[in-house]
Structure formats: C-alpha cells, structure tokens
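Just the one chain here, laid out as structure tokens, in the form predicted alone.
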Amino acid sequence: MHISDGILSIEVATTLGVVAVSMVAYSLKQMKNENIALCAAMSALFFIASFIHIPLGPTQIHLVLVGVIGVFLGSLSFLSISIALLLQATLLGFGGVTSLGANIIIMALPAYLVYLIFSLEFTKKINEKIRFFLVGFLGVFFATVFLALVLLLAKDEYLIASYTVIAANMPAMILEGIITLFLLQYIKKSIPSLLKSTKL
C-alpha cells in the first residue's frame, strides 16, 4: 500500500504531509519513557511484516499489522509507523519521500482508529475471537479505504485504480484478521500482562 513519488499532486502531498507531521508531533508529545521500547518494537514489527509476501493469484499481498500496532500504542502509532515508513522509503525504496506524509496517514490513522474503536465499552461484549479478528480486519480495511480516497483526491484518472485497490485488498483484510487472531491469542497465553495493558 505504499504510494511512490510522482503519484500524488503537489497539493495533496503537501496537505497530507502537514497533517502527518502534526500527528507525529502530537504522538511524540504523548511519549513516556516506559513506552519507548514497545514503540520501537512495533516499528520493527511493521517494518518486518511488510516483507512477508503471500502469493495470491497473479499478484501478492503482504502483512501490515496496523490493527495490532494500534491496540498496543494508541496515538503513539503515528510515531512508530512513521519511523518504519521513513526507513523503508530511504533504505529500500518502498514508497516515496514526497509521499511519506500520505503513507503515514494511510497506515497510522487506521491504527489509531482501531485503538479508538476497541476503547469503546460495547466492543468488550463481542466474542473474543471475533474481536481479535476484527482488530486485523479493520486495520487493513481502513488503510485500503484511505488509500483509495487519497488516490481519488490526487487525480481523476485514478478512479478505476481506487476501485481496484479495494477489490484487490479484500483477501488481505481476511488474511490479516486471521493472523491477528492467532497472534493475539498467542500473546494472551505467553505474555498476558502485555495484552492486559491494552483496552482490548
């Protein structure tokens, strides 16, 4: 879901860049010493998860785990994910530097939304397995919707591409939901204190 340089108009790239910088600054302001290690671990998780490519017909999909990052970090997701995206753009050429702001919004805002959703009291009444699945599913769902919206805002010619992005990522939403379900169950059994520190 990385947007490369040259895809976005200057206006869209600049606007999203300003919004992203504001959110990262807010995230940095919320940082406490006890959160630094977890924030760094989540940056590494996001960075590595992007390398796990799964063949799907003529194309490939890869994990992002933004839902998992969101429930553990909340607003700190902006800082954690922006560090990983910056390293991917500068070291590996995944995404672009001029589109970094857009990529931060597309990946980190869904993480924060997942955190806000599962902070609501009624979500506690949902069956645990379904709740864990939804963490992963909704993270990719929101990221896909934001990617499609950004492309639509960038140029009218990207209308078909926007629909294609949504259709192509539907299997990724389900797959990420299943992997997140097993991942959170594993964390619950092996490091229950870590999961209890969330609002999940």
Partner chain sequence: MIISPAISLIAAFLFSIIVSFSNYELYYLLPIAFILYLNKNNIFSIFKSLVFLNLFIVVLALVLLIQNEYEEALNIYIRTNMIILFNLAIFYNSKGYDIVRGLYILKFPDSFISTTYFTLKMIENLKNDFSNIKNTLKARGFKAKTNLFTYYTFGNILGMLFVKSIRKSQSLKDSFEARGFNKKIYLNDKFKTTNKDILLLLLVGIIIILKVSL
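Positions refer to the first chain, counted from 1. What you are looking at is a predicted structure, and each value in this text was computed from that prediction instead of being measured.
Only in words, not in the display: the form predicted in complex with its partner chain, which the text now covers.
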Handout entry: L200: touches its partner chain in the predicted complex, heavy atom cutoff 4.5 angstroms
Key = no
Handout entry: Heavy atom of L183 within 4.5 Å of its partner chain in the predicted complex
Key = yes
Problem - Contact flag, V97 vs its partner chain in the predicted complex, heavy atom cut 4.5 Å - result: yes
Exercise for the section: Examine T90 and determine whether its closest non-hydrogen atom to its partner chain in the predicted complex is within 4.5 angstroms. Expected result: yes
Problem - L8, A40 and S82 all contacting its partner chain in the predicted complex, non-hydrogen atom within 4.5 Å - result: yes
Exercise for the section: Check each residue of 165 to 200 against its partner chain in the predicted complex and list those with a heavy atom within 4.5 Å, in sequence order. Expected result: L175, I178, I179, F182, L183, Y186, I187, K189, S190, I191, L194
